[in-house]
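Heads up, the chain below is alone and in the form predicted on its own; it's given as structure tokens.
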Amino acid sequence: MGRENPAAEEALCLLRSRLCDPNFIFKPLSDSPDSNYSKLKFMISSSITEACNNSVLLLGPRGSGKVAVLELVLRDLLLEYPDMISVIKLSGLLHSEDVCAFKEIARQLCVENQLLFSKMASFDDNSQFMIAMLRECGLAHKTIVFVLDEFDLFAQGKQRLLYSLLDAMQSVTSQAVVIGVSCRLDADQLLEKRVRSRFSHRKLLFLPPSSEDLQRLMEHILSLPIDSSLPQDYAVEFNAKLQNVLADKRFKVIIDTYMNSDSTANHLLGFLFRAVSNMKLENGFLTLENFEAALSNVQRQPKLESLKDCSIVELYILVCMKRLEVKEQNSYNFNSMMKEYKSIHDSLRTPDYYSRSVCLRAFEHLLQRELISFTDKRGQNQSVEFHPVKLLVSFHELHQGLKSYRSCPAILQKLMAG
């Protein structure tokens, strides 16, 4: 395929590499002065140039781009101030214990400043070393940026790390920035009073992208560059067809359907990667069908999957229960279902008829599969046959399940339609 259309193969590789590169994806956000990128960069750069201390929390749901934007800011600042900034990174998943955290800070400071690190150093030694390095870096007009990922985990326990760090920053000679990253919006409320009094209470909230941001982001990621190794005519035609897809009302329905489950940027990137991977190299263009296929691949429907594994007798039971609900019989049990099953068999003379004991075992299996459940927890000692139950499968799900069931009896389809 690649030999038939090398331009399409090159375009596919380019789009995939873009979707795996956070720096490229979030770069457009730096254009706006109101973006979190601009605000965060201004705060850190002012701390560097004005030799002051600062602290901030980056808050938002997982996948909203907090770490990606932070990495983009730090990368740009390291290019602008190569000798005036040092970055220390900790994760609450690994370093929430104070002893471990101070040791990791000491290790990274030693690496940054080409010093020998002692694994045998005590907690107090590492703590004093951190304070001394803050003072020395401050005198050398060098800012230390502490990145505390999973910040809320550092707020557990005695919070000695946070207190020692923020307290050391009260000194005139120190020069540091503490950046906490957390998916908990109340992360600052977890801080002890002594820690909270030393925190600046600056917060940047990362929200799901708006519809305008989504459109701009997709155009930025999926449009091919005109001035590249790709044939110019191909790139122009590719971008024109892409604009037609993005403007299509059916595409907007697909995106809205997908983003309703999770509207974070990371979720969108996974969807776009699947759509790009569906692009056929023969024609070399993204089509609406590529996005429809991506949507069908990622939409999990566990109940439909469970229905495919049901036996015929279990399908009969589900259909009978659905018919009872259609008849507005809100409270029913196994015995009620069996009466409905018998009436169907007597009126239609169905070839499939199962004994009561077989139906009861199938009924219990449906309870275990959680396709049906008891209406309440009262009377747990009551016999299964008499305990009121309810259906956990909607009419649409059951109808779709029967249609996709290979050996589903035609009578069941007829009963659902009737």
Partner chain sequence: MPAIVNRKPSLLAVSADYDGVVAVQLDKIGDDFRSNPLSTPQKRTLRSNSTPISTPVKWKSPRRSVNASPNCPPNAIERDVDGRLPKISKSLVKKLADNFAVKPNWNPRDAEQMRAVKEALHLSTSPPVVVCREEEQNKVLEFCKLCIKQEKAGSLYVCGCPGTGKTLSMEKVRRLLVDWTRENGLQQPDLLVLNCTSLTNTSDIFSKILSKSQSQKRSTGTTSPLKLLQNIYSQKPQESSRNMTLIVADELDYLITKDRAVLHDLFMLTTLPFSRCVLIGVANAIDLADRFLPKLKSLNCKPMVITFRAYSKDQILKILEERLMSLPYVVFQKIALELCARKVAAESGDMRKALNVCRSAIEMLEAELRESPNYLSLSPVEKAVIGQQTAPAPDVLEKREIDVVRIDHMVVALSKTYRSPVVDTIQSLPQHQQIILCSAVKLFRGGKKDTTIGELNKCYTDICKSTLIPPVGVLELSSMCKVLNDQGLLKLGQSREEKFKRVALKIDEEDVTFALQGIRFFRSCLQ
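Rigid core here is just the name for the largest C-alpha set that superposes within 1.5 Å across the two forms. Every value quoted in this text rests on a predicted model; they were computed, and no experiment measured them. Positions refer to the first chain, counted from 1.
Omitted from view is the form predicted in complex with the partner chain, to which the following refers.
- Contact with the partner chain in the predicted bound form, defined as a heavy atom within 4.5 Å, is made by all three of T173, R194 and S263.
- Partner proximity in the predicted bound form, defined as non-hydrogen atoms within 4.5 angstroms of the partner chain, places exactly one of 229-237, 165-173, 246-254, 212-220 at the interface: 165-173.
- Taking the partner from the other structure, the partner chain in the predicted bound form has a heavy atom within 4.5 Å of a heavy atom of F123.
- Shown alone here, D83 lies farther than 4.5 Å from the partner chain in the predicted bound form, counting heavy atoms only.
- Contact between P61 and the partner chain in the predicted bound form is found at the 4.5 Å heavy atom cutoff.
- In the predicted bound form, the partner chain sits within 4.5 Å of a heavy atom belonging to N53.
- For the residues R75, H141, K327, K241, the 4.5 Å heavy atom test against the partner chain in the predicted bound form is passed only by H141.
- Put the two forms on the same core and the Cα of E328 is off by 2 Å or more between this form and the one not shown.
- Once the rigid core is used as the reference frame, the Cα position of R16 differs between this form and the one not shown by less than 2 Å.
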